[in-house]
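Take a look at this single chain, the form predicted alone, given in structure tokens.
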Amino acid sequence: MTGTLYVVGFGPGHEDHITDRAKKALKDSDYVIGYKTYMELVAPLIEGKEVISTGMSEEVSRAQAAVKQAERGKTVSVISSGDAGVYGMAGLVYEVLAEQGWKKDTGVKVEIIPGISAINSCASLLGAPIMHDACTISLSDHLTPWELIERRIDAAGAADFVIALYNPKSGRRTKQIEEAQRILLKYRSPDTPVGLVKSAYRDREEVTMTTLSEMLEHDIGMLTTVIIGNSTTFFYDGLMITPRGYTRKYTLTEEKQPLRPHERLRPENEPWALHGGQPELNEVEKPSSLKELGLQALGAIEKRKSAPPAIKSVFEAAVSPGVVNKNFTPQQMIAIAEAAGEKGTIEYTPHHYVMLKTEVSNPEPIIEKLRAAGLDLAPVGDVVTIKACDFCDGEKGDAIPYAEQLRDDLGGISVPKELRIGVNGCGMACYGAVNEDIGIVYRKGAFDLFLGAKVVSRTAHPGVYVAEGIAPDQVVPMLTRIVEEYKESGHPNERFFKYFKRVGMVEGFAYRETPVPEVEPMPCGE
């Protein structure tokens, strides 16, 4: 049974600019999935729908959740502001589907529903700034190396494109827009018209006309789109206009034109074109001319001073001497330091491992070297992590085999949100297993089970004590079923305690409210 997956671009946000097709898709959907802020913009259109909303930088989890629900036979809409195919969710949804071996003819039905992109909506408020060749460049270097972005800005500046800059600035990224201005001033006049549009067609819309040299004197943020004119763009009566070049063939002030319609496309009247104003080559001459053109292109490629920068991947891993062992040897510490290199980082964590992070093109040699040093490696992020006490240096080691089996069977499994399973080897529970998402405590030859601890905030609380005396040979299969249920049914970014509360029962164990004291609101409102 397969469902339908709509990827919906809803434009700048105002209902007037959402297409009828997009509205119908939202109306027909069982689930609507998107960024929290976007959900608020389309709230009147999704009343009564099952909603899955997540925060910024959680696009992958949204795409995965959409695919999962569609594969269950549901009709799902994933929403993006602007156009879903321009820095939106369309490509990512297809990437997730491709990773799973999806086929267009036999898999879930996918429809991309276009919307008005920011370059179009912002241009309409400025006048007509993108009448000629234009490009979009995102200044966010969270996913794209800055060296590559620099090359694109430089190329667009040299080619005299009108440029729309997306994601120009944020609280942490403040230098990128300054660098973009510096690069473009190599090719453009300081007086080049620039339009700044914030929250186009939304309640807090702001439109500012400025110049390339003065644009940084104005407020620019993540909700701003920056449109930079080309060498011909001009201001007129509060509007930003880029000519398309009609004046080369037309006299705008005259009713009678110097060139008649049948004369306007003659080569001699287009000296600026590829043919250079020369008459069309005859059929005999064309092949040699094309060959010559190809040789020129090859020569230009060979003369390039530098190749595009190689894109390295970020390798992250949780490194420990073992799920039970808590002692690193000096040789192991050296191996970790060598793996990090000069540019990598080694972060101490309170979770019985260090997090290694470094840029590499091939992580396999690092992995082999660390494992050869006797170190355990596990993925980090939204995965299952097994935490265990040291079992009093093995003196209380009856539960060690079960901790190690949990690590082997469940460690590193992808889940909606990071899930920690804590294991204590005696009733003292000194390593705090009861304060993890799932905690098991070995006592009197059996295990006690705790579910759904809330590990942060002033209303934090231990897990619900749901069972005692679970037979050791049953505990690993039971926890496996719990993890699989959470993996299958949890919403993206939904912590286990929230999931337990929402569904009310997991593996036959009922959720119970944990008493927490009344607390005054924090000054920040949290």
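The first residue of the shown sequence is 1; numbering continues from there. Since this is a predicted model, take the numbers as computed values, not measurements.
There is also a form predicted in complex with S-adenosyl-L-homocysteine; it is not shown, and the following applies to it.
Look at 112-120, 231-239, 389-397, 155-163: in the predicted bound form, residues with non-hydrogen atoms within 4.5 angstroms of S-adenosyl-L-homocysteine sit in 112-120. At a distance threshold of 4.5 angstroms between non-hydrogen atoms, residue 422 is out of contact with S-adenosyl-L-homocysteine in the predicted bound form. In the predicted bound form, S-adenosyl-L-homocysteine sits within 4.5 Å of a heavy atom of residue 222. Remark: residue 167 counts among the residues lining S-adenosyl-L-homocysteine in the predicted bound form, judged by a heavy atom distance of 4.5 Å or less. Though the partner is left out of this view, residue 83 does reach within 4.5 Å of S-adenosyl-L-homocysteine in the predicted bound form, counting heavy atoms only. Of the listed positions (100, 329, 189, 199), a single one reaches within 4.5 angstroms of S-adenosyl-L-homocysteine by any non-hydrogen atom in the predicted bound form, namely 199. Proximity to S-adenosyl-L-homocysteine in the predicted bound form, defined as a heavy atom within 4.5 Å, holds among 431, 315, 87, 94 only for 87.
Residue 12 is the only one in 9-23 with at least one heavy atom within 4.5 Å of S-adenosyl-L-homocysteine in the predicted bound form.
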